[in-house]
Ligand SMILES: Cc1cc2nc3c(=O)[nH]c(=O)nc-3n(C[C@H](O)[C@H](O)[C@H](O)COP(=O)(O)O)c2cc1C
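Shown below, as structure tokens, is a lone chain in the form predicted alone; questions about how it binds or moves come after it.
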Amino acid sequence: MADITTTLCGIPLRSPLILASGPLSWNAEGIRTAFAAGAAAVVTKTIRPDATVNPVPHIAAAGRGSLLNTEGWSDLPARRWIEHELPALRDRDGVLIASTGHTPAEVAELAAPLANAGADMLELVSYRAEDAAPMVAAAKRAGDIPVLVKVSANWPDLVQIVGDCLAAGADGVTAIDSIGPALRIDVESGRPTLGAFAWYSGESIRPIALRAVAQIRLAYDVPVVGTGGVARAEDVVEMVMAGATAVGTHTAPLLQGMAWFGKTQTHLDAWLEGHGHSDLAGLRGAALPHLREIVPHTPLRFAFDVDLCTACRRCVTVCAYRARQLQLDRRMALDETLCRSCGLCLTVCPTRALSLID
């Protein structure tokens, strides 16, 4: 078996798979279920002094593998977490990360009690970029457990904000939070799906999360929990190649069930072995050097493997320039005078019958 262990802010994890903050981690029972299913770490719902009261409804499907939500923070007050939920997890089999925020004052109030109640690490979250570094400073003054700061792709100066948080003492970064505001409308009723603007999560946001992880890792040598849109073992590998130390997810296990963790760990091990990798750590940041390269302009040179071709004709359909044709005997014809080397055909081929010649 491949070695998929990692270390996050000095704390060993048996795998990179973390249940991110959300409804599945709303109390001790839910968190314990996640650990039993295979999550190496779990982030609680965001703990604030008072409980939230969520609108009804507040979660809706929004396309394949994605969700909208208008949830607030934890619907249990901080006192309940500190006195009951966190202490109930002292015999847990995994790393417990307490999410808290949304202001520096609240972090100053709750950081030490949450640590004393049993949290291994804190994750700080706020909707205001200007509060991020002050929250980190407040948490570090209050205790000595590792502190992650959760950042938003909505923040235009993301790299600078991360730098400010690191200067304030942050031990790592979680990238990213849900994005938005977003909107879906029920065309039958003419009403917004959740009655209001909402936050968007799931598979559709993965490219944005990957961008944020890569930007942070190109700028700083810091542990990053890549979070957003991870639904398959290959997505885990992609996050690690972007530089992630560990990988958070919530939408996938929420939609597919907690068994997602065990299945994904099995598939991850099989993927690594099938590709000749003895461990996951060796792939960390593998994509980053290529982001620094000068963009090439040399025309693409294609190879075609007729034995892999299923004649789905996707490559022909998506060619805006009508440069590619598939003959009845499955021979591929390419008019190089029409081809613009856009590369779309490569990315839609389901069997990799099309590939590049280096």
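Owing to the predicted nature of the structure, the values given are computational and were not obtained by experimental measurement. Residue indices: 1-based, along the sequence shown.
Below, we turn to the form predicted together with the named molecule, even though it does not appear here.
Heavy atoms of every residue among Trp73, Asp177 and Gly229 are located within 4.5 Å of the named molecule in the predicted bound form. Contact between Arg217 and the named molecule in the predicted bound form is not found at the 4.5 Å heavy atom cutoff. Although the partner is absent here, Asn69 lies within 4.5 Å of the named molecule in the predicted bound form, judged by heavy atoms. Although the partner is absent from this view, Gly202 contacts the named molecule in the predicted bound form, with a non-hydrogen atom inside 4.5 angstroms. Of the heavy atoms in Ile59, some are within 4.5 Å of the named molecule in the predicted bound form. The partner is absent here, but in the predicted bound form a heavy atom of Val125, alone among Val222, Ala233, Leu158, Val125, sits within 4.5 Å of the named molecule.
Shown here without the named molecule, the chain has Ala20, Ser21, Gly22, Pro23 in 1-30 lying with a heavy atom within 4.5 Å of that partner in the predicted bound form.
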